[in-house]
Each structure stands twice: as structure tokens, then as C-alpha cells.
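To begin, one chain is listed below as C-alpha cells, in the form predicted on its own.
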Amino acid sequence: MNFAPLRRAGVYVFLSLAAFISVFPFYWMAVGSTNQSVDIVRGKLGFGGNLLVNFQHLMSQVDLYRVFGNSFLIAIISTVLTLAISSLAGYGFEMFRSRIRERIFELLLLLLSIPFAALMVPLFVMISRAQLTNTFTAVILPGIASIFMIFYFRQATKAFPRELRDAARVDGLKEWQIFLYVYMPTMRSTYAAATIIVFMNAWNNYLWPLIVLQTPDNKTITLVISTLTAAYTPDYGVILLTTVLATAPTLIIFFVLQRQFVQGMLGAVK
């Protein structure tokens, strides 16, 4: 008996169920942003007509433009600096040989196992002594030298053709020119994948901004959502609308760079 059709049908059923479980929270979030709190509590699954009212309530409670400006500023600067530093470090670890190179890299990987909760107190003390509390610099600095991204770029650099580097040296290019004009264009898929990862981490960062950002004018979108949910009588329609707005930038970046993301995660070099 041929069980291939049954096996194929079982795979499709499983994938359909997994897709539904993955997509339904987003659907519920979008539907909830158009309904009143009472409808959300009752479990209404259809779209409502309360979207503009929820948006007006949100604007009356939050300076939305400033909050999004803060989040974009932190996320963009963090992404650019992290990609620059991590790619330089990953390139250096792979291209330049030394006796202690692997020992240093192993030490970095060991530090990666330390949870951030163990670093919060000493890190906050350092930021306080540097008088950087309640500044965007305090949020950005701790994350720009990402050990994970250094590891990621080093692994991706293993696929970089060394013949290109040798040919560039023959043409008289210096090392920084090889990195800037040869390595970066060749590894653009890797940079695209890293951009998505770093931007999402910076955009969704909650715990550290909660500690160092102390005034409402400097709050990010994740802190605003937390504030809305902590109200005595939370307005779920407003909360879900804010969540939709907060999710949109990361979804847009992912869909724009989706193809490059897949290539970068697979280690493609062009």
C-alpha cells in the first residue's frame, strides 16, 4: 500500500496547524486594536469600529511621535554601531592569525554564557559614575559590542573567498580598503540578516531602558506599552493598538530584507 499521500496530507495538516498557531496572535492583536475593551474581554473575533477612538485615546495619553522617535533613534544608532564593530571584529578574528586568537575568541564565547541579569548592577554603577543615566547613550553603549554578532560575522567570514582579498592586495589596496570595498559588498546578505537581528533586539529592548531611562520624555515604545498595561483599569483596545504600531517597523524591515536574511543565515556569499 502506498502511504505517500497520507504522509503528505499529515504534513500539510501539521503545517496548517502550526501556521494558524503562529498567525492567530497577530490576527487577534489587529482585531483587538479596533474594538473596545469590553468586546476584547468577551472574546470578539471580528473587526470593530473603535480604531479611531482607540488612537485618539492613545494620543491623549502618550506623545506617540516622540516615543517612536526615541525608539527609532536608539534602534538605528545601535544597529549601525553594532554592525560596524561586530563585522570588523569578526573579520579580524578570521583573517588575521595569531597564537592567542582562538584563546581570546573562546573567552568571548565564555562571556556569552553570563546572563544579563548578572551584569545589570555593575553596569548601572558604571553608567551612573559616567553620569550617563537617563540618556540614550546609556541604552546604546552596552550592546554595540555584541559577542553573538562577532561570532556570527566570524562564521560568515569563513565563506568569504580569500582569493578576493589576495587579488585586492595585489592591486595595492590596504586592509581597510579591502574591508570597505571588497568584503562589505560581498557579504551584503550577511549584513542584511544581521541588520534584522540587531534592529529587532534594539527595538524590543525593555529591561535595560527601564533601568536607565527615568523621565517620560526619553521613554521607548516598549516602556510605554508596559506603562499602559500597568494601569488600574487597562484599556485593552489602546494597548493592542500600541502593540500593532510597535510591531509594524520590525515586520516591515523583515519583509524588505527577507530574501537577504535567508541567504545570510545560510551563509551565502555573492
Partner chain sequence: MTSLSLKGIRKSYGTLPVIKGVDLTIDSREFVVFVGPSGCGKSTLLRMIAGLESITAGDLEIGGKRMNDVDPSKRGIAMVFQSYALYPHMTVRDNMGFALRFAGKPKDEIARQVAEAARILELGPLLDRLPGQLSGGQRQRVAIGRAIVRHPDVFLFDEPLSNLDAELRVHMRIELARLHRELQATIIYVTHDQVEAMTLADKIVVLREGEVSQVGTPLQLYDDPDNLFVAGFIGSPKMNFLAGEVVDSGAGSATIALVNHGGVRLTKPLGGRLPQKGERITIGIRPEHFGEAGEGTDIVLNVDVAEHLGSTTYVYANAGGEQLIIEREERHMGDTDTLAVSISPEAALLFDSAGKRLR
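Because the structure is predicted, anything quoted here is derived from the model rather than measured. Numbering follows the first chain given and starts at 1.
Unshown form predicted in complex with its partner chain; subsequent notes refer to it.
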Which single stretch, out of 128-136, 80-88, 67-75, 159-167, brings residue heavy atoms within 4.5 Å of its partner chain in the predicted bound form?
159-167
Within a 4.5 Å heavy atom cut-off, is E102 in contact with its partner chain in the predicted bound form?
no
According to a 4.5 angstroms non-hydrogen atom cut-off, is P185 in contact with its partner chain in the predicted bound form?
yes
Any chance Y181 has a heavy atom within 4.5 Å of its partner chain in the predicted bound form?
yes
Does its partner chain get within 4.5 angstroms of any non-hydrogen atom of Q155 in the predicted bound form?
no
Just to confirm, with a 4.5 Å cut-off on non-hydrogen atoms, which of L108, I144, M120, L173 contacts its partner chain in the predicted bound form?
L173
